[in-house]
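Presented as structure tokens, the chain that follows is alone, the form predicted on its own.
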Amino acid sequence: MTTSLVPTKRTPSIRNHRGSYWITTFGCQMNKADSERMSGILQTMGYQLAEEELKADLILYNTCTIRDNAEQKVYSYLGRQARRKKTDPNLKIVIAGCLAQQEGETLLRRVPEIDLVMGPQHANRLETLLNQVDNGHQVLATDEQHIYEDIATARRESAICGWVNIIYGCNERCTYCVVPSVRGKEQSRTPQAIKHEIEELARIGYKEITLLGQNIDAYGRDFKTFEYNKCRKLTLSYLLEYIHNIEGIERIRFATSHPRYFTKELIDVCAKLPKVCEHFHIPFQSGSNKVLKNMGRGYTVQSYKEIINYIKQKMPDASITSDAIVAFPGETKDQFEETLSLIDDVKFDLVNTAAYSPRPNTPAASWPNQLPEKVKIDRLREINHLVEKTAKERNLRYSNSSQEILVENINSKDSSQLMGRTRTNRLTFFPRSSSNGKSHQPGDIVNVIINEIRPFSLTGSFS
């Protein structure tokens, strides 16, 4: 589909001011980073952040389509806004992100009150597209295009930790995944552009950056020639070394990795660079080689374990988190047990789990061996129980230890506490003041003694 102005009877906006906006983000960190850029564009245009959703003059839903429940939630939200528009015809409704790309014109037919449907590759074009809406058009922007640099306008949710996209899109063809069809082909940013963005973040006080990519280990492979260093390929390993010494940045993270491309060279580079945090998110998806083959993942359980064992050899204290899908079409009870065995063997710090959800235009969605909902629910409950147990066991290593914490914010549930994360990415709560009475602020790096362990977070105090 291409960018188009949908014929309508709408009249140009009569507002002389831009008004207020509200963005709701569904899905992954990539979507959150896109929302920050679009929020910045809206503020540059003269919009102000609304105090609450139902009073905003412009509503933007940045959507996800990785599972069916995420889609249904968007439609529920949309119904509420469509009803609002009947009494306020000047309300603007924008649907961005992966669901917008997937459904396109179908969204406009299903909810005609929508003003703009735009895929992820059009996030930087929001101002141009909204100007067309203001001229009385209903706009559809789902054509594939090159993503132009526009990093100066992001309105970031945190003033301490910043996301930095380094590669957009995905060229993989996992049989269950809709991402390549909605986020497009891989497009790596140049090292100079990435470094410039990080330097600007450091200049305004950011302490931590997370490099983002749908398949971050593929960074640079779409560059046919690498003009910046003739002796080395443009890879994630090279980029980490290239940006490492930016003054002011204390921590560097990256996500999400693909086991097929996660190399020993990358692990070696991470081990030698002190700013790179000891945390790796490497989805395994299944502990069965047969299921992995059906998924089109391109690696085996054995090769995955080799990666994990090498990380543990080079960085014994590193945390390893992952993703897993249960009840994939045709998955037997024994194959599911293999997934549980992998979790028990590796002892992950955290595993994000999901029951398989058929996605449109993916091969697995049309296979006849779909599993019943009851099997999905039972297997998801069982794996979640094991994940919680393993996470708590892994957290025991923090008991009574001193951990370096980057202060991110005040604990929203207890104003007497601050919150931050260990280098291994474990959420930690602790007092606002040290034992000597010194108060700490977001951006400080403090050492905290861990004295309370929970499956997914820690509590500490000052010695």
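Numbers for residues come from their place in the sequence shown, where the first is 1. Keep in mind the model is a prediction, meaning the values are calculated, not measured.
This protein has a second form, the form predicted in complex with ligand SAH, left out of what is shown; the following refers to that one.
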Checklist line | Non-hydrogen atom within 4.5 angstroms of ligand SAH in the predicted complex for each of 66, 256 and 359 | finding: yes
(Q) Please tell me whether any heavy atom belonging to residue 207 falls inside 4.5 Å of a heavy atom of ligand SAH, as the geometry stands in the predicted complex. (A) no
In the predicted complex, does residue 325 have a heavy atom within 4.5 Å of ligand SAH? yes
Q.
Since only the chain is shown here, I'm wondering whether residue 104 would be in contact with ligand SAH in the predicted complex (any heavy atom pair within 4.5 Å).
A. no
Residue 363 versus ligand SAH, in the predicted complex: is there a non-hydrogen atom within 4.5 Å?
no
The one residue among 285, 319, 165, 81 placing a heavy atom within 4.5 Å of ligand SAH in the predicted complex is 285
Answer key: of 267, 386, 375, 354, within 4.5 Å of ligand SAH in the predicted complex (heavy atoms) is 354
Note: ligand SAH not shown here; in the predicted complex, the stretch from 82-90, 108-116, 176-184, 271-279 having heavy atoms within 4.5 Å of it is 176-184
